[in-house]
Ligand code: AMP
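The data below hold one chain only, encoded as structure tokens and taken in the form predicted on its own.
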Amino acid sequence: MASIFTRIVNGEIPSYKVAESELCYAFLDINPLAKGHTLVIPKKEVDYLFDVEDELYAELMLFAKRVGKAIEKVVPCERIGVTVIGLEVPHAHVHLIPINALNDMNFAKPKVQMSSDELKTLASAIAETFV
């Protein structure tokens, strides 16, 4: 059965898309640690990041870098934190999280509540700055 992320890529489940390439897809996390928390995935479903073929892995990281630069233009922050946990969804993914302090990357802290309209507006703003 396809992962939830594959279903998002296939358009079966809606998402707040911020960027897309032939091989990768980026969308806002609907339970974000911070405003602008974005997930970057390869369109090809691979469970574990280190099982992604080398060329796709390189493309995913370069794509994530471009998405991170777009987020920085929209969301005020010190940096974009990058993490890969990979346990919650069996589809390789990278978290890009706007941060100002180390604790901003603590997944145990309460999530930021954002309305659908806020997420749509933010996704559009990030997409407009994606190069």
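Just so we're clear, the structure is a prediction, and the values are computed from it rather than from any experiment. Residue numbers run from 1 along the displayed sequence.
Only in words, not in the display: the form predicted in complex with the named molecule, which the text now covers.
Although the partner is absent here, Phe27 sits close enough that one of its heavy atoms falls within 4.5 Å of the named molecule in the predicted complex.
When the named molecule is considered in the predicted complex, Asn100 lies well away from it, no heavy atom lying within 4.5 Å. Put simply, Gly86 is close to the named molecule in the predicted complex: some heavy atom of it is within 4.5 Å. For the chain shown alone, Leu39 is a contact residue for the named molecule in the predicted complex, at least one non-hydrogen atom being within 4.5 angstroms. Note that among 48 to 56, 74 to 82, 29 to 37, 61 to 69, the stretch whose heavy atoms approach the named molecule to within 4.5 Å in the predicted complex is 29 to 37. Along 4 to 28, a non-hydrogen atom within 4.5 Å of the named molecule in the predicted complex is carried by Ile4, Phe5, Ile8, Phe27, Leu28, in order along the sequence.
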